[in-house]
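Single chain ahead, by itself, as structure tokens, in the form predicted on its own.
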């Protein structure tokens, strides 16, 4: 936390209790003080979306507080009417009417002209997987497990093709909406996410990974990502809740078959 900013905000809120301003002034001052605390009092800085969410909650809470007491609500209404109609407030009212649109315009200008900023922490796109995972109560050793259907690609092409076809079904029933018809990460929901879903056609995705890695990522989804993958806003669910083990292996086969990539081979240790 930025102790200077937080200390100033706390001091301002304490001063409000002694100054006893009218209901409207108290509400406005409290809103501004909390905005300053969220915007500049927390380090590393909160994302703008989080600040906006917090201020939405603060706004609702303050409105509820003012309206919960009839005398307080009557006082706030009276303060607003007086500010709008009394001649002694003409100059402050004009300042507010001019300042508000200027502040909005300035905020838009600053946001549009700001250069892209790196994330506050680094993020590993392909983090190292854990040694083992639990899948439906079964322990899976990711260092040793292999796709049980990969070996029949050469020995029994017809049965392998059936697994590819089943993987196609699984993909188009569950994955296509985000990863897209051509697996390029451009499904109909893709642009609602940050980062957007993985582009499997890109040579830096599944072509660099072993099938056991894909099993982990599909089974556990975004909730299973380690800390080195943050900040991460992936919406990918943990598919182990919806798919069987065979269905996950089948969809992995389909991913490689459709894109023309081959899974990364395991390195031999000498």
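Every value quoted in this text rests on a predicted model; they were computed, and no experiment measured them. Positions refer to the first chain, counted from 1.
Below, we turn to the form predicted in complex with ligand HEC, even though it does not appear here.
Comment: ligand HEC is not present in this chain, but in the predicted bound form one of 62, 235, 42, 51 has a heavy atom within 4.5 Å of it, namely 235. Checking 178, 133, 76, 164 for any heavy atom within 4.5 Å of ligand HEC in the predicted bound form turns up a single hit: 178. Ligand HEC is not shown here, and in the predicted bound form it never comes within 4.5 Å of any heavy atom of residue 26.
Of the heavy atoms in residue 205, some are within 4.5 Å of ligand HEC in the predicted bound form. Among heavy atoms of residue 174, some come within 4.5 Å of ligand HEC in the predicted bound form. Remark: residue 126 counts among the residues lining ligand HEC in the predicted bound form, judged by a heavy atom distance of 4.5 Å or less. For a residue to qualify, one of its non-hydrogen atoms must sit within 4.5 Å of ligand HEC in the predicted bound form; all three of 218, 225 and 251 qualify.
Heavy atoms within 4.5 Å of ligand HEC in the predicted bound form are found in exactly one of 206-214, 43-51, 66-74, 30-38, that being 206-214. Interface residues of 179-198, taken as those with a heavy atom within 4.5 Å of ligand HEC in the predicted bound form (partner not displayed): 179, 193, 195, 196, 197, 198, in sequence order.
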